[in-house]
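Next up: a single chain in structure tokens, the form predicted on its own.
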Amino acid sequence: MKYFQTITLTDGRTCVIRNGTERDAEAVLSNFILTHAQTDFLTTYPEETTFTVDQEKEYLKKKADSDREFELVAEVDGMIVGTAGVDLIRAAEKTRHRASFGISIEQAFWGIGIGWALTNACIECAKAAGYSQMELEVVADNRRALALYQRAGYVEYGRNPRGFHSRKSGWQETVLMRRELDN
């Protein structure tokens, strides 16, 4: 799945949304570790990251070569400041219509349109890849993300009161959301 788009952010800067490639591996891995240190709303802590740069290269190559899965990057002033991706939930016949969506953006770049652009790019690519449903899980206290996902057409279909167990705040309720792509 190939994707490339240039957008103007609300602060006037230009952002390129594109497929991550092998040459981005070090920057993508650094961004992953940074974003996971900046918020308690993501799935893992930075020190839980076990990928090496070589493994990240392999991962990005696999995604770039796939027709159904992809990893997009947001690049501002030559720096990767965010990533978003879509993964097949399961290849079984009954579930291959479903994709999971994940996104993370460096905190200094929150609120200027990157989340919206990455989310919509992933929806567009998921439709083109033949998915009919995208799914995500978001911490209930993450009001900004919830508002973004609702604006993008995601609807809540359940909650897990013990979805995450945070070192900082204990149990975090997670909201299960989905977006239909075929209507």
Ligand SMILES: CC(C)(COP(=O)(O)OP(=O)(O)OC[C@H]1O[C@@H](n2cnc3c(N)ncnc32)[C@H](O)[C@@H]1OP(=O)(O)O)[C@@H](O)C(=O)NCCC(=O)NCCS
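All residue numbers refer to positions in the sequence shown, first residue = 1. What you see is a predicted model; the values in this text were computed from it and never measured.
Missing here is the form predicted in complex with this ligand; even so, the following discussion is about that form.
- Only one of 61-69, 153-161, 22-30, 38-46 lies within 4.5 Å of this ligand in the model of the complex by heavy atoms, and it is 38-46.
- Contact check for residue 114: a heavy atom falls within 4.5 Å of this ligand in the model of the complex.
- The shortest heavy atom separation between residue 121 and this ligand in the model of the complex exceeds 4.5 Å.
- The closest heavy atom approach of residue 88 to this ligand in the model of the complex falls outside 4.5 Å.
- At a distance threshold of 4.5 angstroms between non-hydrogen atoms, residue 149 is in contact with this ligand in the model of the complex.
- Shown without its partner, the chain has 137, 138, 142, 144, 145, 147, 148, 149, 151 in segment 135-157 as residues with a non-hydrogen atom within 4.5 angstroms of this ligand in the model of the complex.
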